[in-house]
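Only one chain is included here, represented as structure tokens and corresponding to the form predicted alone.
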């Protein structure tokens, strides 16, 4: 591919990212300083190479999956983050009162708003990650919120409805017993400890021990046995013109709701990795950009999910910025 062909492919990819409309030769004459006929010939050559595709509704071309891949690997110039983007994120990362999980969740929300893409964070549960605290906040006489905190800064909560007749004292006794026996326990050992050490003695202390204990156990088991998945801007991708078809919408929504599928988005390699179309196993019109982070031995994955027609240079820089700042918390 010569310099003009490389520049042509760059222009077509970046213009299509902006407009979502096929690019015709006339719109590129001034930018390339050559005739429309010459540009059409170069477009045909790039199409033969597999970098461009011709749509049925227009004489213009759009990038193919191979074209996007060539653009990302060989042409794209990283886009520096502007001051507004950095300022919005720095308000999160400089907030010392936020635990790690809250900082990740809020930063995902900001990047989702900035890009109109879907942001996902997958946190792993390592052997070093231990239970730090179980806490209960009463909302009404029968409604409460249980909170679990780990020593790595992850916080999870769940709302419960308890039966009439269960006193605040009984709730407190249950929580105190759980805290007494499992605080400092590695997450993968909490379930066994609850079952074999706490359950036999809790009945001697709490009248409604079974229902209360089971409710707390289910919550703790969910947290300790599943990946910590956070998702922001789930519906953003459906705003893109590629996903206006009803069947396509159903397919995308079902993928987002599939916990096992989302958990498999986990990234094993270092650096920022780009998976385009068929490489994602998500959808041929989707791109997923992923990176792995490590905070004090706790590994996780950050991912941006958007259309194949994604603003790659900005999305990659935002993800790199998230990774660096999360690892420095």
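Positions refer to the first chain, counted from 1. Note that the coordinates shown come from a computational prediction; the quantities given were computed from them, not determined experimentally.
Beyond what is shown, the protein has a form predicted in complex with the DNA; the following relates to that form.
- In summary, the region of this chain contacting the DNA in the predicted complex, judged by heavy atoms within 4.5 Å and restricted to 33-41, 281-289, 300-308, 265-273, corresponds to 33-41.
- Using a 4.5 Å cutoff between non-hydrogen atoms, residue 23 counts as a contact of the DNA in the predicted complex.
- Contact between residue 54 and the DNA in the predicted complex is found at the 4.5 Å heavy atom cutoff.
- Residue contact with the DNA in the predicted complex: residue 65 places no heavy atom within 4.5 Å of it.
- Applying a 4.5 Å heavy atom cutoff to the DNA in the predicted complex picks out 4 as the lone residue from 1-17.
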